[in-house]
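In the form predicted alone, a lone chain appears below as structure tokens.
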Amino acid sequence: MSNKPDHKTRGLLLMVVAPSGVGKTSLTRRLVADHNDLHLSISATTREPRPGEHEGRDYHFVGRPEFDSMVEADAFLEWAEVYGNRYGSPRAPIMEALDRGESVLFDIDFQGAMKICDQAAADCVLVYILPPSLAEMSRRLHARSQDSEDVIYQRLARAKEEIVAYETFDYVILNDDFDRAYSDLAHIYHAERLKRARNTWLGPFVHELLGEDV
């Protein structure tokens, strides 16, 4: 997807929130791969890389002192401590992308999404992904063998807390079928890109249309 050179647009901040084990990562990575004007926000984190993760692609892995220095410099749109590790969304590259007409996708938790939307409400689109059941979510968390039983219990408890707040979101998608859930997510993105307020070229274009002799 691309814009004509004289069609000035503003990007959007697409917040996709879901409990762990619901399929959020698979959905968001496919959406980014299919859209050249959409980029994944790369968070900074103090946690150690997991197997298969790479610096600059999945996260910016930084030490706690460096992270704290970034907090003091107000270099994050949001940051939080989750399960003993800190995560933050760097401010400068995100806002620069919006101004270029590009969109930024956030694979983010509920609290982080709310903090970003408090600062940039007009640019934010909130999407929540529901699991088909908590039992299926639990099965997936155990199958991936990345977390202890205690962390899995915390993730399931947090999922219940987040699901209660589903009315906060602009859109809610049930991921009981991956292809259908992806189609819904892609349609949401396309529609939001077409909103009048984000297409700042429309005013001058309509003015020219009205000035044409017919």
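Owing to the predicted nature of the structure, the values given are computational and were not obtained by experimental measurement. Counting begins at 1, following the sequence as shown.
Quick note: we don't show the form predicted together with a small molecule, though the next part is all about it.
Though the partner is left out of this view, residue 155 does reach within 4.5 Å of the small molecule in the predicted bound form, counting heavy atoms only.
Remark: residue 47 counts among the residues lining the small molecule in the predicted bound form, judged by a heavy atom distance of 4.5 Å or less.
Looking at residue 43, you'd find a heavy atom of it within 4.5 angstroms of the small molecule in the predicted bound form. A residue is said to contact a partner when one of its heavy atoms sits within 4.5 Å of a partner heavy atom; residue 104 fails this definition for the small molecule in the predicted bound form, lying far away. Listed stretches are 178-186, 163-171, 31-39, 47-55; the contact stretch with the small molecule in the predicted bound form is 47-55, by a heavy atom cutoff of 4.5 Å.
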